[in-house]
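Read the single chain below, which is given as structure tokens and is the form predicted on its own.
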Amino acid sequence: MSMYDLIIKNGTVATASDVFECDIAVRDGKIVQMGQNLVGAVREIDAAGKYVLPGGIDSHVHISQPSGEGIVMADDFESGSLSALFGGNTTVMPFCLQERGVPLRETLKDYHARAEGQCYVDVSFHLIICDPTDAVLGQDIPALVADGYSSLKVFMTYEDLRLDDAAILKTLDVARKTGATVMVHCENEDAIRFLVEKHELAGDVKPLAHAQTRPVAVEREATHRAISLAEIVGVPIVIVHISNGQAMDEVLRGRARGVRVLGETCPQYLMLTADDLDGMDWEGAKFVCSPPPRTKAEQQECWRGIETGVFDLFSSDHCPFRYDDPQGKLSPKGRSSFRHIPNGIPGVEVRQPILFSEGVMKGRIDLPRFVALTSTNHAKTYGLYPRKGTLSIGADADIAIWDPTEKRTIRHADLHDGSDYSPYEGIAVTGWPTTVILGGKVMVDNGKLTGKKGDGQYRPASTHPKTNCK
């Protein structure tokens, strides 16, 4: 009788703190043994010459999210989670968008129904708070945090989503009391509206104007303000999708004052620029996202943040729409002005390969830093660690086996999301996750799908320690 369900042999194992040669034994979905020359499994996988890493955790994805009248997001939970899987991810954390006037419980019930039986990877939800009534703040959020929904997102932009400073302070205070984690989208909506009106009055409505109406100063000011509000309340804060050096410097200043500030960036800020929005005809719409891509100089600043520890998290901000579709980027309203182009780009499948190729293989970061940025820090930040985000005895057997010699050119035709394009089309990468294991089950075997939808499950999240400094 076999002792184990699976043994991964002869691989180079990496965690966020170390790299070592080790076999890994799995039983009943968990890692139960790590050591040399392990034997006695139903199946063995020879990982010689390959890296054995924790499955990726993408903590910033938008799937099956309401996107406005006449606009449909390209990914449901089936296609979005399948794309994540083939990119070496074993957990994604989509946003549950509370529409104004709809109870949070009802919204969550709807999202669970959309995800049930559809997922190829595990799922845990963030809550977007856009209607922080007294009942939401005093009853709904504390109860939901206790039930495993321990991360909240607030917006400082988008007229139908943004909160003013008073509402953000109240939300942060609830997070302090409950141990929830708050993520903030930092852009100054009033400044953006001022610039949008100027561009539209001048007849400048092409996609490039999207970047021009959301300059670095808009993000820098809001980042400073968000960190200041967290400082006033005395609570940790996550600044998401940072695109430039000035916003990074605000993170460092906050940390220097004693605020626990975590920073996140995304592939678009390493690989794209605002010039991409200036494509022929309306092609630039493919690259419209917020904050927008910046300049080559700001790309280098973001690499500085990756290399030096300004950034704790590397996420995709996967927010997919089809391009050539009247319900996507080329909707009738979207063709009339940059202001109406659906805001977001796909990227969950290529997030890790891009950072692996550009970061690890080009010597900018080492393997432990890669693991931290793409998996471990996400699990720690959002209450999934140590069950996820690491390779250790007792952890879920969520494992990605990477071939560092695999060379690919990114083509949307080879990807698995529901969009009809990739903003990273034509980029050459070295290194790819060729085998992906979820809870001990081999889901992708040497590039071939062997798992099935429904293998991924919902996973509740825990809270961070409550603070009592205010």
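Quantities reported herein were computed from a predicted structural model and do not represent experimental measurements. Residue numbers here begin at 1 and follow the sequence given.
Same protein, other form: the form predicted in complex with a small molecule, not shown, and the subject of what follows.
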Could you spot which one of K153, K388, R294, R351 gets a heavy atom to within 4.5 Å of the small molecule in the predicted bound form? K153
Of Q212, N188, N343, Q118, the one that lies within 4.5 Å of the small molecule in the predicted bound form (heavy atoms): N343
Please pick out the stretch from 343-351, 199-207, 362-370, 245-253 that is in contact with the small molecule in the predicted bound form, where contact means heavy atoms within 4.5 Å. 343-351
Taking heavy atoms only, is Y158 within 4.5 angstroms of the small molecule in the predicted bound form? yes
Closest heavy atom of K286 to the small molecule in the predicted bound form, within 4.5 Å or not? no
Flag D396 as yes or no: does it have a non-hydrogen atom within 4.5 angstroms of any non-hydrogen atom of the small molecule in the predicted bound form? no
Report yes if any heavy atom of D75 sits within 4.5 Å of a heavy atom of the small molecule in the predicted bound form; otherwise report no. no
Would you say all of H62, S290 and D317 touch the small molecule in the predicted bound form, counting a heavy atom within 4.5 Å as a touch? yes
